[in-house]
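We begin with a single chain expressed as structure tokens, specifically the form predicted on its own.
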């Protein structure tokens, strides 16, 4: 990538200023839609992650790496529906598969060949998944992965990393966002309940400090007799895409082998980290895998998978006494998602993975250089096609570090101002500074985004 020159503006930036009206504009179509929405939807939407004040922009159309809002504004989409659109918007092969499927069968209370094909693609790709069961979201995939660990081991306790996000089930939300008044000693974190949970939920959750090998080992051993498993995201998005250290992961595998617990990999996001998922990239033996997002081709999807001896023992109705773990769902393996997912995974071959990962490298290198040129505080994290640009130089090694950064009074304002700048320059990003790439993007898209980010860094 060409070096960014200090003071570089680029001829294309002036054109962007003409074409992208300033946000917020309370007379815009999006603002009017929001006024309607708040009357019938609490907060005006059905996903907290898509809201930003004073109103979110409303999408009407997408194509490739671009999305258009209700006011006709075109933006490069670096959210890609929080990772699910690996090929961007409306890839012709995926649309074609959906159209063909829609003409024959929308949903049905029978299995279909489309389900078999997507299962074949998933099991071919992931080294620790021989069989898979489909559901309808990543949250649901993690929910059943946790239930599977408990059912297979006959134990109740699940260990998770403090601050990591694993969806919205009761167990998963424990200690996803605790504050100093409740989180306890860093070496021995409390299990902090989530709103809406029953009081008993935390009794079966063990919280581990990220990458603290010896303290986490001590905690696991203290609960070894009751521990069904440890849930890990190899690069948790809610902790700024900080990677799980190799020695930490090795320790967890060793301790689980010793006590008989299972290693549960949450690959809803981290499937992007390697062509064979995070488990393949890291070379770790995983017992249960939760999936979602990219395997659905842009339609609702979730899955839980693992070795045949675990999956059959839990889910196979032919087993003596029937399936040990009930797994129904009106839209599980629905034909539309199966068709879209198979098309998407066939497109996401080794060449596509390598290309989008190289674009991620280019983006991270450009942001690192932009921070240097601007002289502004910040940190770039991420791997492959996932990237985060944070606006603080403070140490970041755990959820607690990130919490303190967000309380410092300066970083939240810089983060918000940078988000607004990029929105007004035709780039849609995740509000915390997340950039999630698609195969529809080009080097020109990446370079233009770096240029706009440099301009934004100078202004915040």
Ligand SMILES: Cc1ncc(COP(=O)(O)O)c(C=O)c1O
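Positions refer to the first chain, counted from 1. Predicted, not measured: the structure shown is a model, and the values here were computed from it.
This next part talks about the form predicted together with the ligand, which is not shown.
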Check your understanding: Is residue 167 close enough to the ligand in the predicted complex to count, meaning some heavy atom within 4.5 Å?
Key -> yes
Would you please decide whether residue 287 lies within 4.5 angstroms of the ligand in the predicted complex, comparing each non-hydrogen atom pair? no
| request: Using the partner position in the predicted complex, report whether residue 383 sits within 4.5 Å of the ligand, counting heavy atoms only. | output: no
Check your understanding: in the predicted complex, does residue 293 have a heavy atom within 4.5 Å of the ligand?
Key -> yes
Answer among 264-272, 118-126, 386-394, 364-372 for heavy atoms within 4.5 Å of the ligand in the predicted complex: the stretch 264-272
Of 131, 137, 276, 112, the only residue with a heavy atom within 4.5 Å of the ligand in the predicted complex is 137
Residue within 4.5 Å of the ligand in the predicted complex by heavy atom, from 86, 148, 160, 142, is 142
